[in-house]
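One chain comes next, on its own, written out as structure tokens in the form predicted alone.
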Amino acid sequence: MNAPALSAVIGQPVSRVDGPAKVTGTARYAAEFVPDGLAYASVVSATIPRGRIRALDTSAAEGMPGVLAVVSHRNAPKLPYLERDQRPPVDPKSGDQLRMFQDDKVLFNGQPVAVVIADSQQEADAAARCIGIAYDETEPTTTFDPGRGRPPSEETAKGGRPGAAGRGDGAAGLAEAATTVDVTYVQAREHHNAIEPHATIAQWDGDSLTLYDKSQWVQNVVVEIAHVFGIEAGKIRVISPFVGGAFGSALRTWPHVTIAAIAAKMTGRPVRVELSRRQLYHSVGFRPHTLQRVRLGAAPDGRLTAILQDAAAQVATYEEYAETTLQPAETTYSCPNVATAYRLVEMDTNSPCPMRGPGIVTGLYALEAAMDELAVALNVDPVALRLKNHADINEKTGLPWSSKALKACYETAAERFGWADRIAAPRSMRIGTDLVGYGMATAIYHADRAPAEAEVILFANGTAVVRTAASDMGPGTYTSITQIAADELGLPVEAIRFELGDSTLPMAPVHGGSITLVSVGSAVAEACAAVRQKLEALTGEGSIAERLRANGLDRLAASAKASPGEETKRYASSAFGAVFVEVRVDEGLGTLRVKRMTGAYDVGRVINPKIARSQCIGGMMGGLGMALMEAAEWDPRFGKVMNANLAEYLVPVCADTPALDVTFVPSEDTVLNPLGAKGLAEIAICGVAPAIANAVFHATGRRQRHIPIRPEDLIGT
């Protein structure tokens, strides 16, 4: 067998191989599996922010048609919740997870306190509404007060979220600066709002458990549920072939998965738990409300002398979720003196969790807005200021970048956008009654790789199956991995079938942090090379089918594991980008529209430009929502999100979509991985919100230091 032609498929805009299944409705999501005897559950949520359940009346619900059981702390099995030596990387490193129906405590408004199981969803929902609950309330903590902020725990700090970090002497660097800015920014609490609600179907067969679950990491669900129920991981199987969007909300194993397993055990039937849209606002996590103070100092020539960035983020009382919010301050620009301080503000709320670009997108918002304010104070072009402070190495670690084409991103995006046409003075550009503003920002997101395994089976009919326990929540994993396998095996895309989303398949890492392609793709390439070597070792010549038949075989199989190596100790790796935005602001009404957006990205080798562009325009729209629309309206009286629906929680729609221009600068990072690719999903949202905020200032001359920016903030500009 001849070696496959290099890059015959990689780099081509192949249409999604899973597209036909999705548009014809044959793609099956978690809630769409229908095992025999399926029953349906309705979760009952607490209505107070803190206290205890004094009384719980389930008699009316239990007597209603179709009801099989009502489960609460009064009759639920006592679960061991075994200790784990090492929590998965997406789990909080400190505190205790929410334990389902194990006591009468209420820790936040919306906490699951009971579940009704019935023959139909309608019967379960009707019965759930008939459950009466009385509470003994205690004084809750439902306001965000940075003064109550505390440093992260030692366990969290060891996990890369320290309370303080930096280099040099931040205070001294600020004192010696010729020009300084000292500004505070606020980012609202955001929710994921994926189209597919979270859902789990649990089915017991003796002491073995099958879970059909919306998950970005099926093998982590196995670990979590084994821990909760105290059973062997080998007795649990998790299936999740398709995920209808998640953006980080399905990285963890949330309490409803445990509820489904409890309900199925107690009724002896498979049970489906599907969260309502309203329940998604308190049953899974969110991007935490965060307040940041940024102080920058610069020499007369614009070189940074100091970066000081503090952040305070909300967190639950029962477990400690923290983010890498201040990492951009340490890595984005060259600066000898950097000091960061991170604080957590405990509140009676459900736990936050990763949301696209977690931590980094939050920290970049404040840093990049402050850099724009510094450019104005220095009277220099914002792009020129960033170029002046370009970081040739990662100054946090002292390591060289494995690859970096950020300067090319600035140059390419600025040219495509027409940045040279910008008139620097605020309020100087108009079209009719609209003020016109141009803004820009840097994008950066660390590029990581994790161990992964894959199996490849080559059949005598010239087709192949690729298997690994990865997930695909929409970025195109099915397609990009198929392209890699097709290239490595020298087969057409149509001859490859990629199987994923099953915990019994070869090990794969979390489908988050923009690591899936480089991690799983590297393992698939290794497995393909291994099976190709086996084929080449066979006697005879001719096609795959001929050689296998000549050797009495109908298939060949090989497995491989790919892991990061010593390069992680010698190099730092990141994806980079530059985002440019034009906004229009109606001077009288305050109406704000993003007219167009240009992004240039350094993401290494682009496996599929069509899917890559799709990821970028999705990230751009997510950043637009972050900047202008998305905010949970929190009422401290009830400790509750009041706009927990898609009618009042605003997200961008087609009518809000500007002209989106995406380009990828030439780049290849074979140090990070043999494929030469870097992560893509997260970088696409980074830098968008500050670019929009900076454009709003340029248009109006008024600095808005909070997001989202709403029309009422701009009336009379």
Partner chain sequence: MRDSVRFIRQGRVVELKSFGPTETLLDHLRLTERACGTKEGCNEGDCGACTVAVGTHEDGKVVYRPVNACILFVGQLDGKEIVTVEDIAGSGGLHPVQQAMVDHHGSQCGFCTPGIVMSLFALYQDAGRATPPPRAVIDEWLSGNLCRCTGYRPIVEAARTALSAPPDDMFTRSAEATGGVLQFLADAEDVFVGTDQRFFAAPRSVEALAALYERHPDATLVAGATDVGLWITKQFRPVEKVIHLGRVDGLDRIEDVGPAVIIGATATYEAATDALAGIDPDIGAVVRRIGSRQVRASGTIGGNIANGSPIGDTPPMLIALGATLELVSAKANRAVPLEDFFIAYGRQDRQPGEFVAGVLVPKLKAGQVFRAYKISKRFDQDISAVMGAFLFTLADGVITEARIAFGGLAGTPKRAAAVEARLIGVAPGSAAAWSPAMEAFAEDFQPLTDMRASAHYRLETARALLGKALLETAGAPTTRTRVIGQREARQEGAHVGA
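Predicted model, so just to flag it, every value in this text is computed and none were measured. Positions refer to the first chain, counted from 1.
Just so it is clear, the following notes concern the form predicted together with the partner chain, a form of the same protein that is not shown.
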Residue contact check: G701 to the partner chain in the predicted bound form, 4.5 Å heavy atom: no
Partner contact for Y185 in the predicted bound form: the partner chain, 4.5 angstroms, heavy atom: no
Close approach of Q97 to the partner chain in the predicted bound form, 4.5 Å, heavy atom: no
is_contact(G163, the partner chain) in the predicted bound form, heavy atom dist at most 4.5 Å: no
In the predicted bound form, the one of R570, K534, R148, R277 near the partner chain [non-hydrogen atom within 4.5 angstroms]: R277
Answer option from G245, P426, G490, G159, heavy atom within 4.5 Å of the partner chain in the predicted bound form: G245
Non-hydrogen atom within 4.5 angstroms of the partner chain in the predicted bound form for each of L399, E582 and T663: no
Stretch in contact, per heavy atom within 4.5 angstroms of the partner chain in the predicted bound form, of 470 to 478, 322 to 330, 542 to 550, 251 to 259: 470 to 478
Heavy atom contacts to the partner chain in the predicted bound form at 4.5 Å, residues of 601 to 617 in sequence order: K610, I611, R613, S614, Q615, I617
